[in-house]
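Next comes just one chain, in structure tokens: the form predicted alone.
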């Protein structure tokens, strides 16, 4: 098999239920990973590839993000997303945004069209409207919750989708999107739109996290991976496992996907599983759930 200089990894959320079958999710992730990798080989940038992939994950309705999001305690859909370009360190994010189809597309518009990193709530919605982004006019007709699990308000569940990639130029990028905790308090924001907590990319590594967001925020988990590589001399596998262990000591669990500056992919998790797929730089495809 010919060597490539591009690699990509995708996730569809941590903490799957061991009693359920996720063959459809795994097959979907594998197909998307292959398609996104081909785009990279055809010269697409890491940023373009991950935005395309995350939009497909949002649109699928299979995950707790985009169309598959579940409502908050008031029955409203508040969505979050972020992305980061490793070469420039530019980033964009939206949080608690209602009424738009693709949060990751809105996050990219924030990065491209404003001097800011994050817009939230009504401000994010006004901006997305001005950008002409596709709206969701009737939530009842659009959202198909990926989970019917009922949680008490404050009980932390798992969701989220994400992508990380290294393109043919060796540039890294990461993106994460979520519908948030099921039955969450209105206005609750987790790690997914927070640069350094749920998403990070620089010249060393690109990371997207999933799991109990409050714990990832307290650990600054995504940026911690880069710090462990830069200051601790760890490789990407040691760094991601160490970041997850630090978060787990606080009582949280979850997983992350990461690619380092040499294109090495890792997909560790400390939860029951992680819906995941990747294409390594040698073209080898890997996927799994548990």
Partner chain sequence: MKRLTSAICFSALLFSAAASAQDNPEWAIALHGGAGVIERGDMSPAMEAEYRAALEDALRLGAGQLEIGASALDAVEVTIRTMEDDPKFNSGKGAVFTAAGRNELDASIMDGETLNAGAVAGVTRVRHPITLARLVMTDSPHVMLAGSGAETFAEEAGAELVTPSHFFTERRWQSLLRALEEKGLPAPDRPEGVPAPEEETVDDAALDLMEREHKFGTVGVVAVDREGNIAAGTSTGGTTAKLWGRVGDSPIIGAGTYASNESCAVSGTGTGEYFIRLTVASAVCDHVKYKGEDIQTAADAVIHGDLTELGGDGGVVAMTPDGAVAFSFNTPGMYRGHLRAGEEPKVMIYGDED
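Numbering follows the first chain given and starts at 1. Bear in mind that the values here come from a model prediction, so they are computed numbers and not experimental data.
There is another form of the same protein, the form predicted in complex with its partner chain; it is not shown, and what comes next is about it.
> Choose from 124-132, 139-147, 100-108, 169-177 the stretch whose residues reach within 4.5 Å of its partner chain in the predicted bound form, heavy atoms counted.
Selected stretch: 124-132.
> Considering only heavy atoms, tell me if residue 260 and its partner chain come within 4.5 Å of each other in the predicted bound form.
Output for residue 260 is no: heavy atoms all beyond 4.5 Å of its partner chain.
> With a cut-off of 4.5 Å between heavy atoms, is residue 223 one of the residues that contacts its partner chain in the predicted bound form?
Yes, residue 223 lies within 4.5 Å of its partner chain in the predicted bound form.
> Looking in the predicted bound form, any heavy atom of residue 264 within 4.5 Å of its partner chain?
Heavy-atom contact with its partner chain at 4.5 Å: absent for residue 264.
> Using heavy atoms and a 4.5 Å limit, would one call residue 43 a contact residue for its partner chain in the predicted bound form?
Heavy-atom contact with its partner chain at 4.5 Å: absent for residue 43.
> What residues of 98-125, in sequence order, lie within 4.5 Å of its partner chain in the predicted bound form by heavy atom?
Going through 98-125 in order - heavy atoms within 4.5 Å of its partner chain in the predicted bound form - the hits are 114, 115, 116, 117, 118, 119, 120, 123, 124.
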